[in-house]
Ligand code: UDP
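So this first bit is one chain, no partners, the form predicted on its own, shown in structure tokens.
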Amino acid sequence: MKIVITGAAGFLGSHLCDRFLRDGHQVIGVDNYLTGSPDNIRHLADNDAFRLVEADVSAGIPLDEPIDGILHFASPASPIDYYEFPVETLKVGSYGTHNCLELARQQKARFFLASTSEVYGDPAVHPQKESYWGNVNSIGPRSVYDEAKRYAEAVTMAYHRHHGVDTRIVRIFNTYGPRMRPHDGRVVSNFIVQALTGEPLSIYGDGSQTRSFCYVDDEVEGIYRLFMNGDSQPTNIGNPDEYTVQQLADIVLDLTGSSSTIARQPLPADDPKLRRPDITRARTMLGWEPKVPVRDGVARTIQYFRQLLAESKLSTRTMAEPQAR
């Protein structure tokens, strides 16, 4: 197949490029490097089955050739990013999704939307099933991301129902692993970089809020199976093992051997208190469930950041102020 992946230079997008290429597909990556990095796809430069198109999908997709599928992963995906780029986040979720859907419609290609657990907001139902409609503050500071993804789901289903486009929607829960940016504001990368550089670990609130952390290899495998064998209904892909933020901090401190202390900070507005996917659909339809335990995945991610910090001699002065995730 010939596959288009938007956000190809991002954390998840770059791993998806690797996954499709490994199975013999051709990949056209699209990215404008707003939050992606050329380093994430530099290893693909000599791969004849891959090419990159530098473009902002919110403005259009400069492709005029047959394709078989398009996976729309272009978007800021961390609070520190969508707080800095609120309008761009809304535009890529709306105009960008529409442009990708139009390309899929014209080419009779399969369309795959990267949605998020953020569509559930600060959930009043736990764990979160795909049938739950969510609890989102439509005018809060996080709404630029939450509502962009909710709209993206709505327009995807409209194209499926009205135009007959073959569509998929994945709701991604907290994912971590190599190629995360050290300053991207997500809790796993924050804790690891802070621990490795001897800085206090920033815990927002009392640390009792929960997240479900899925290692990137597991997440990408679930996404790949959903693209190949799923249906049009939203599907949670995430790890149902639930940890408090404090428990994650303890794991990072133990695995790094760091003497970093804990720095308590106020909980940001609309920060979800609970987060855990019900993955019954993914298990039943795709035969998928995560395999990498959190401690193992965190250990692998620590190794990545340790090497990155050694190579770049990254100082804490280069780190942006972290935000809760």
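One-based numbering along the sequence shown. Keep in mind it's a predicted model, so treat the numbers as computed, not measured.
This next part talks about the form predicted together with uridine-5'-diphosphate (UDP), which is not shown.
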* Has each of 142, 245 and 275 got a heavy atom lying within 4.5 angstroms of uridine-5'-diphosphate (UDP) in the predicted complex? -> yes
* Though only this chain appears here, would residue 118 touch uridine-5'-diphosphate (UDP) in the predicted complex if you measure heavy atom gaps against 4.5 Å? -> yes
* Are any of the heavy atoms in residue 216 no more than 4.5 Å from a heavy atom of uridine-5'-diphosphate (UDP) in the predicted complex? -> no
* To do: Give a yes or no for residue 101: in the predicted complex, does one of its heavy atoms lie within 4.5 Å of a heavy atom belonging to uridine-5'-diphosphate (UDP)?
  => no
* Asked: Though only this chain appears here, would residue 211 touch uridine-5'-diphosphate (UDP) in the predicted complex if you measure heavy atom gaps against 4.5 Å?
  -> yes
* Asked: With the partner removed from view, which of 68 to 76, 156 to 164, 88 to 96, 181 to 189 is the stretch that lies within 4.5 Å of uridine-5'-diphosphate (UDP) in the predicted complex, judged by heavy atom distances?
  -> 181 to 189
* Structure fact -> in the predicted complex, the residue from 38, 60, 268, 293 with a non-hydrogen atom within 4.5 Å of uridine-5'-diphosphate (UDP) is 268
* Asked: Of 220, 203, 195, 251, which one comes within 4.5 Å of uridine-5'-diphosphate (UDP) in the predicted complex, counting heavy atoms only?
  -> 203
